[in-house]
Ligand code: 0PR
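First comes one chain, alone, set out as structure tokens in the form predicted alone.
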């Protein structure tokens, strides 16, 4: 290995620090609009330890491959996946959704996809990349898919139906049990996008929140995407696509003669083992009980945030389903800009005329108490209050 030029190294890192100081950071608690999070400390250590591993060539790193298998087993148990299932590690929800639709198209040889208007923007990419036609349905007053309208769109050309388990906009959950029954009866592929909700809904159910079932306990569910770098409390990037039938992966597999596996499925060739090791470490450290406690804490902060917003005289788009709050505003774009100037990052949802707050694990009631005066001031400056 080449020796390190300390003087040069110091100069480079000084430059890197100057760039980093311009960034907002999760640890500050001032990022209130992101579904990603500050990784658990154990995730950071594990990530660095496995930095040079490549799961795209698995016989080079059999130990890391075993970590991947054990991590997928954790996700399988979390989502009640059957013994026939298989997990595919992906970079996140977008790749998970693309891979699911790739499988659906290959299995059905059809092109049309039914989804609601609050589906993730990755499905726009899918339509373009894969020449698939989205059939977009309006939402109900509860901001979920309208089952009555969905039934009317069923025909022989449908490749898949998309159910959302934790929408990006408001965290709402489509009626997955009803979708499952319909898709099972009609023999249609049902993909559940639970990129955010996958690490939340199972624990909300244990905490006796009134949320629907969404996973493989439902016979019509074909695939589920779930992200560890969101509520899994792990490092970016790491998602998993769970597939009900392992043999479905054959439909997207290609021969890979230059590496240690004969065939490879999925989009990526080279895949870092670092985020897999990080995610596995977090699951082992927290376990199901640790995640349950984290979700409970996030919901306590969410309910507190709702109370503080209402005390301010602001209304919510909908009662929070999970740890996401949509705040109704006439000028959300201006509020976002004002808050940024005051050191806070939130996201606007112009379509719903609101700002979105995501109450991740690092957000405390104390941080909300610091945020509310800044929001009040921003609202007063643009005439919202």
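Residue numbers count along the first chain shown, from 1. What you are looking at is a predicted structure, and each value in this text was computed from that prediction instead of being measured.
From this point on, the text means the form predicted together with the named molecule, which you will not see here.
Between the options 122, 116, 272, 88, the residue in contact with the named molecule in the model of the complex by a heavy atom within 4.5 angstroms is 122. Proximity to the named molecule in the model of the complex, defined as a heavy atom within 4.5 Å, holds among 334, 28, 49, 34 only for 34. Heavy atoms within 4.5 Å of the named molecule in the model of the complex are found in exactly one of 102-110, 128-136, 162-170, 72-80, that being 162-170. The named molecule is not shown here, and in the model of the complex it never comes within 4.5 Å of any heavy atom of residue 190.
With a 4.5 Å cutoff on heavy atoms, residue 195 counts as touching the named molecule in the model of the complex. Contact annotation for residue 92: at least one heavy atom lies within 4.5 Å of the named molecule in the model of the complex. Among heavy atoms of residue 227, some come within 4.5 Å of the named molecule in the model of the complex. Residues from 95-114 that approach the named molecule in the model of the complex with a non-hydrogen atom within 4.5 Å are limited to 97.
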